[in-house]
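Consider the single chain below, provided in structure tokens and representing the form predicted alone.
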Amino acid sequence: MSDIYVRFAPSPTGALHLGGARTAIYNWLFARSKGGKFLLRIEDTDNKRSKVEYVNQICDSLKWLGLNWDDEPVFQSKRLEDYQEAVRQMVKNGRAYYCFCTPEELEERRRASGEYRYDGKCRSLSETEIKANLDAGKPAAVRFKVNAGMTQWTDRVYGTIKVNNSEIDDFIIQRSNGIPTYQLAVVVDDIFMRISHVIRGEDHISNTAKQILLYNALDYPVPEFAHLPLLNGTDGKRLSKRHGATGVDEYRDLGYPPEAVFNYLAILGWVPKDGNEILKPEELIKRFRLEDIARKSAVFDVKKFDWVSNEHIKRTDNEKIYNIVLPILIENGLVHETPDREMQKYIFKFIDLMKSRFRTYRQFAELGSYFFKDPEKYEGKAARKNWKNESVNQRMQTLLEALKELDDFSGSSTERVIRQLSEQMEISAGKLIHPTRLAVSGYGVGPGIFELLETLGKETVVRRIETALSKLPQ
């Protein structure tokens, strides 16, 4: 095992969203590519908003994506004493000090001065004054003493970043109720977990200088930082509900393959140098480099995501698809709970014919239901275009009689009949093919028509054309 330790540290105040999942993926890929450890920390110090169900949901989503973490998760809510000990240590060595200013006093002084920054009133209190205030039970927060100078680091994505310490307030590290602030808890936890690389969203860049000061004050080596550009929608704005589903669990429930979600999030803002975009986790591990992450915000494009998902389904073994899709077909009432051998063979044929057309596993039931039950309605646009008037009924009646005569209902036989009839009628073959597709599937597009007719079988095809003749044109 190398000395590489990274962590993913979600707050359980909501479901795991796509941006958080991408951060977790990059941490996981980096750890696995370096033979290091990928650790999980639950930042649950916000008692009001943190919920156990969100902890479970986040963990379930990570597992679904295949992001197996090392060691037991660390919960901040169980580490209060460690934070308070770190504060005591910094107060003792003069790196932090008690602040007895009430929120009302701070607001009043800010209004009077026109400056939002803390004015340092409690920074130079004498030991006697501090003791008197504490003995009197006066509520005290603890502030970190920011000294003059420059704080800088070399970001693995953004390069050298410098912050003048004059831009940093003497920030609070422990509230008057003894609860640590985010800045302190993160650093104490990263020290405890021996984190070597902090890989997180670029919205944390503003926190990094403060945290480096805390590492130094606690006399611990500063980890390396890599800040990831945020995810935007196609309108250039930060990804949110207005762009569609944003929770990992939503994509799971929609039937997207986990390897497709993993793959697409991994290539958002980072593409392997060989240009290959459809990759399994083990292939991504071999190619991943932090330095190759783009500095500009990545755009979550649903069309591209669907393409990636479709590519994964196309490349998935039919038996694996069968095991995933069968419960979905049963749930939708399309197949009995224990399909017989004939039905199993039929489902495999169906999968083979349709897997190149779907982007989610649920679509096998939603858009492929006509393989298991007769269409209840016909797609309006396709019906208006391909079954305009009674002349189509006359042609389809002739085709129906010819299909009834067939003993061999193979794709080549039905193709021969349709092409011969179209020549006799002096029309294009499409004028028979398109109404036939509409009759047997209810849709205007689908798999190759002759393969479809062979898969459905003569009895089903004949029955469905007879039904269409009685219902169309609409």
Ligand code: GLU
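One rule holds for the numbers: they count along the sequence shown, beginning at 1. All values derive from a computational prediction rather than experimental measurement.
Heads up, the form predicted together with the named molecule isn't pictured, but that's what we're talking about next.
Contact between A96 and the named molecule in the model of the complex is not found at the 4.5 Å heavy atom cutoff. Using a 4.5 Å cutoff between non-hydrogen atoms, H204 counts as a contact of the named molecule in the model of the complex.
At a distance threshold of 4.5 angstroms between non-hydrogen atoms, L16 is out of contact with the named molecule in the model of the complex.
Of the heavy atoms in V186, some are within 4.5 Å of the named molecule in the model of the complex. Here is the short version: of R200, K210, H312, R143, the single residue with a heavy atom within 4.5 Å of the named molecule in the model of the complex is R200. In summary, among the residues W307, Y158, F100, Y182, the only one with a non-hydrogen atom within 4.5 Å of the named molecule in the model of the complex is Y182. For the stretch 5-33, the set of residues having any non-hydrogen atom within 4.5 angstroms of the named molecule in the model of the complex comprises R7, A9, P10, S11, in sequence order.
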